[in-house]
Each structure stands twice: as structure tokens, then as C-alpha cells.
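Let's start with one chain on its own, the form predicted on its own, as C-alpha cells.
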């Protein structure tokens, strides 16, 4: 019987990539306006290359960009970029359609809810707080707690232990098949692929369920639990 749902965060609950694009573009525009001598296209290309090398959560991306360009950081220019980035991030970070009512319905059904994310703890909690979701989850497991990224079994097992549930009592939903689906299946959980957040054009995610809207989770839980009625 399904008693808990474990969610990935980025591109499952929130449209992380849209937020990132909006925030980075705003930062680049602000830094150029403040005197950064580079075209918008070149700046965006360089920033994308830095993220590919260091990871999408890399916090010193503008420092690295300026060091690459000038051999030092111009804090007047960089501060303009940071302020613009933060303002755009807050404005652009939104949950996907029907996430809020779905979570409320799952809570009403008596399910425990968790988040398992590869993001640093601070960034994960900031995202949840930006969209006022910080009170909805019984457990939030991030990279800072595990020091291992999905598909490692460590974050999934840690979430199950904190929820006090067995693997076959939980569903895992995520957008990244090679991490979310593979990792959850490795510990014995059933999986749901969030196709609406897929950025890889995944053809065969290998999940038990494949959904185009998060609201479909409610019927999946009802279906899974109907055999126990």
C-alpha cells in the first residue's frame, strides 16, 4: 500500500530550467549595462560552459566569468548581476500547474511527503520557501545530508528511514530517468516519470508510470491502493 510520495524538486515541483534561464539573462543584461564589455550571446555561452563544467548549482559563476575575461572581479559590475539574478529568480520560480492542489489532495489522503534533491540544502529550502511550500513536506533530503547524488541509493534510503516507511510503500516521482527512476528502483520503489519536466527528450524512462501532469499522481495512488480495499 502506498503511504508516501517522494518528489524530486527541480523540474518536477518547480520549473527550474525556466527560472535559471530568466535569472541568468537578467544578470547578463544588468552586468553589460554596468560596464561588462561582452556581447549578450557570448556572455550566455560562457556562463553555460561554466555551468557544464562546474555544475548547474555552481555559486561563483559570475566570479569565474569575470576572472576569465579580466583576470579579476569587478564587484561593481558583479553586484549588479547578482541583484538582477536574485530578483529575476524570485519572479520566475513557480510551481508547475496543479502542483499545489495535488499536494493538498495527497496530504488529505493521509500520505507522507518528502523531497529528495541533488541541490545544496540552502538552495533547495530557498526554492521551497519562494513558492511557500516549505511546510508541506515531512522530510527534505539534499546533497548536504548525503554527499551522494542520485542515482545513488543513499538519498532514497535516507528518505525512507526518515519517513519510517518501506520502499514498497512509496512512489518516487522525478524528471530525470537516469537518476530519479534508476535510483528509486534500485531500492525497490515504484516510480513515476514527470514527462512535463523532461529536458532530455527521454523516450523510454523505464518507470512504472509516465505522466504529463502532476495531478495524475492522485489517480495513481488510488489505483495502487485499490488492491488493498
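Numbering follows the first chain given and starts at 1. As the structure is a prediction and not an experimental result, all values here were calculated from the model.
The same protein has a further form, the form predicted together with another copy of the chain, not shown here; the description that follows concerns it.
Among heavy atoms of residue 108, none comes within 4.5 Å of another copy of the chain in the predicted bound form. For the chain shown alone, residue 42 is not a contact residue for another copy of the chain in the predicted bound form, no non-hydrogen atom being within 4.5 angstroms. Contact annotation: residue 125 falls within 4.5 Å of another copy of the chain in the predicted bound form, judged by heavy atom distances. Not displayed here, another copy of the chain is approached by residue 90 to within 4.5 Å at the level of heavy atoms in the predicted bound form. Residue in contact with another copy of the chain in the predicted bound form (any heavy atom within 4.5 Å), chosen from 119, 158, 80, 103: 80. In terms of contact with another copy of the chain in the predicted bound form, the residue from 33, 168, 57, 48 that brings a heavy atom within 4.5 Å is 33.
Residues 125, 126, 129, 130, 134, 135, 137, 138 are the members of 123-141 with a non-hydrogen atom no more than 4.5 angstroms from another copy of the chain in the predicted bound form.
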